[in-house]
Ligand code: F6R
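Here we start with a single chain on its own, the form predicted on its own, put down as structure tokens.
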């Protein structure tokens, strides 16, 4: 039997979905289930067969399995594993191969026998791929089938590498990767052009053959596709939706990934709700968007016909409710993000005093703050505030080899034109080129190369800040140790990272802090850097200056903030939008999302316009986080 909803609120959900406070809590639950299975099979003298996933999503799950092995003596001697996929063309030794990922993240830390581990081979000749995939299917059958299949989900709705268009009965095969999937992997491969175009993956039919399926999803970037998977029709355009047909499928998600589910986003459509202020504002904005009317044109009938009659009973009539919500949204708009001095700030998002304010802007990698809030940075500087932009990491991992080689060639050309002796510079440039060639394409950079890449990006960051009128003395590169010692999906935060952030806070004693990453996937750079800030602020609780400090959250690579959640909307003129665009493009290596940041700001302005607000060229949006809640 398929799973059925257990409450009215879940009535639109076709797959059992459990929302957890965070990924660690969800992963502990799944790991406990897997441990029970393993121990039960041990007593029966049988194998437990697990289907495993790669990528950032299952990393906390694997960490919990390792803990159970090391601290609670969970043995994996009777476990047989089958991984979902592998990039085609990568050897098992390649740093981004899933063979290596699984060794790093799990297998090298537990007692599973090597012969019990199965991962698709990415190096078989093209004419042998079909036979190799058939053998993989046969190995699963010989093991008795998969007991628990663990999955993540991609932004395209893929499970494994089953991209849109994959059929329900597809089996293990080679597949062409979707452009969005390749964009998402660009950071790991130092550029989208380096991401393999093909992969070997279990098919949808292979996955559905597992006796139990558990899919995990973290972060707001997964919210939209998750809702389509759980509540939408079964369709090959969202391959994960085929899981609706599985008799025992469960989704474990965090709060950020749940935001587009009906019971979270529009709960009045599936039952009674408590009409607290933020939900009320969101409901009115949703109704205006649904009816394609500005807020002040909404009428009682529209509310009643869209599941919101109780709201009218409590807070109506529509005329009064409309005016109140209209004013709330209008009051979020401010061209003075640091507060307007000597002004009535009753209805402004930020206080007038003190002036000027001490402002700290935390950017996980140098491009993050510029892409998200360059216009606001410019306003804060021009309005006289004491702004300090903190680049938490060097960002060197996002700089491709080609940029380092280009610099070295330019240095060699320059040296050849000089009359003075540039022996040292020539030796340096040639040494970098030799190290790049010796390390192999896409292998780990040696320290000298990584330092050069950091300096190249530092120069770009200084240029970008200068466009925003932020002088070099107002920029600091924190170079958190976790970044320089690790790489994407392999980072480990330490007390030293938190200490460096705390020291900056104690030194500046800011009135405003801008940051990002509170809703991101926990493995992302944005989330990791926010955790250093969150922990540092938590450690400082009780400091007198902290009572006067406000924390404003901007969005990095997460989806844009929803209008209902915006606490401060900073409008931009056409000139400021152009300034921001110019600032972003000082960075040589930017993603499509970063390149289109100004268009996202224009869309937020268009949403405000459709609600009946004044028309602006673009708007940068911020949520307010309560520091005491961290």
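None of these values were measured; they are calculated from a predicted model. Numbering follows the first chain given and starts at 1.
Missing here is the form predicted together with fructose -6-phosphate (F6R); even so, the following discussion is about that form.
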| item | value |
| --- | --- |
| Proximity to fructose -6-phosphate (F6R) in the predicted complex, single hit among 445, 178, 460, 85 (heavy atom within 4.5 Å) | 85 |
| Of 242, 98, 251, 530, the one that lies within 4.5 Å of fructose -6-phosphate (F6R) in the predicted complex (heavy atoms) | 98 |
| Residue stretch of 510-518, 331-339, 151-159, 381-389 approaching fructose -6-phosphate (F6R) in the predicted complex, non-hydrogen atom distance within 4.5 Å | 151-159 |
| Distance check, residue 222 to fructose -6-phosphate (F6R) in the predicted complex, heavy atom within 4.5 Å | yes |
| Partner contact for residue 584 in the predicted complex: fructose -6-phosphate (F6R), 4.5 angstroms, heavy atom | no |
| 4.5 Å heavy atom contact, residue 171 to fructose -6-phosphate (F6R) in the predicted complex | no |
| 4.5 Å heavy atom contact, residue 604 and fructose -6-phosphate (F6R) in the predicted complex | no |
| Those residues of 302-324 which, in the predicted complex, come within 4.5 Å of fructose -6-phosphate (F6R) by heavy atom | none |
